[in-house]
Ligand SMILES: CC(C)(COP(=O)(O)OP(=O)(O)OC[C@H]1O[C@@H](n2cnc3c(N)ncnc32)[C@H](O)[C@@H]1OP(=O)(O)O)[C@@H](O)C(=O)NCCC(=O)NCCS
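Only one chain is given next, in structure tokens, and it is the form predicted on its own.
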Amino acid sequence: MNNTEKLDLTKITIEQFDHDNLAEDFWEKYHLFNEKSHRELYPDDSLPNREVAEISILEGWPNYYVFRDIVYKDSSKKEIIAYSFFAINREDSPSYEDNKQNSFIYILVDSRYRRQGLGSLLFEAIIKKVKEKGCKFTETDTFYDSGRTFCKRFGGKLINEHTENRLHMEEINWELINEWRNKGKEKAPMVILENYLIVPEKDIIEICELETILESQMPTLDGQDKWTDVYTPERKREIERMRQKQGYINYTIISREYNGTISGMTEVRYSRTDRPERIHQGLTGVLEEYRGRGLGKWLKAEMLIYIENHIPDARFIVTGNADHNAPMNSINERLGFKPYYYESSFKFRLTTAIKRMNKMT
């Protein structure tokens, strides 16, 4: 069924998001747009908690400047049909030096109004704004085939392919989980596992170093074009504060070696009010020099046991891994994770994108 509706681009209204001067009915219109988009990707899931969605926008991203545009169908501003945003590192961000020429953009158009030039119009406007900020590159993600075609059209280079995989609680093979748990204890008898909700102050520097290393080791398609994330105690505390404000619980399990070194970790994030059936698997990894003893499997097993015993609303666990991250995908496949949707990441050189735009006008 074709749900496309004719759009008059001369009548649309684009406004920069200004949280201090929002219309009284803005959030109702935003939630209708956001929830429609959510149903398109997650037709069987519950809707996002509206209060959490508002906090997420108002709080922004730690260590980033975020600029958002809201697109209305016409001057009456009764209906939001698209939005776009771009984010750049703040000068005081620990990642600023590595990423100061890069940025992240995102454009989402209501499915009824795609392939009518609105995405191109927004892309042109946002690229110009990013260039004015001194960036030479920008990255974006897309979940849609139309988005992949769009990115290639403007010279985007495919740098990563991700899959959201899901594991339903009733499909977990607990015999395998106990086997991984026991083998981990057997192969690494001097290792102990610890857990926390908030990073202990005594470990925060080491945890930040561990997360920075593990994220830097995540593979890209060509081994290049990697966005560099640097964690510091200040940034970690800011992330914790924001998640607490949104109502999320972040549970982490770490492996500690006999000499006190933290060698690996796994974490999950969940909420009792925002889609409580959904458990988000976060970073999982083991430092290279401590691999080969089944620590990754042991950590995963202990996390699943925790979820089963402490999160009664959990229905499924989601994890997003690069399709070429063979070691982690192997673990997830053996656990029973199955693909739910596919996401592609593209990187643009601004000069190339602008040349492509100029040829099309």
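Note that this is a predicted model, so its numbers are computed, not measured. Numbering starts at 1 and runs along the sequence shown.
Below, we refer to the form predicted in complex with this ligand, which is not included among the displayed structures.
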Which of these stretches, 283-291, 247-255, 180-188, 99-107, has heavy atoms within 4.5 Å of this ligand in the predicted complex?
99-107
In the predicted complex, do 39, 49 and 79 all put a heavy atom within 4.5 Å of this ligand?
no
Contact flag, residue 232 vs this ligand in the predicted complex, heavy atom cut 4.5 Å
no
Does this ligand come within 4.5 Å of any heavy atom of residue 119 in the predicted complex?
yes
Residue 203: heavy atom within 4.5 Å of this ligand in the predicted complex?
no
Would residue 236 count as touching this ligand in the predicted complex under a 4.5 Å heavy atom rule?
no
Pick from 142, 263, 160, 165: which has a non-hydrogen atom within 4.5 Å of this ligand in the predicted complex?
142
Quick one: of 114, 269, 136, 129, which gets a non-hydrogen atom within 4.5 angstroms of this ligand in the predicted complex?
114
Residues within 4.5 Å of this ligand in the predicted complex, restricted to 232-270 and counted by heavy atom
none
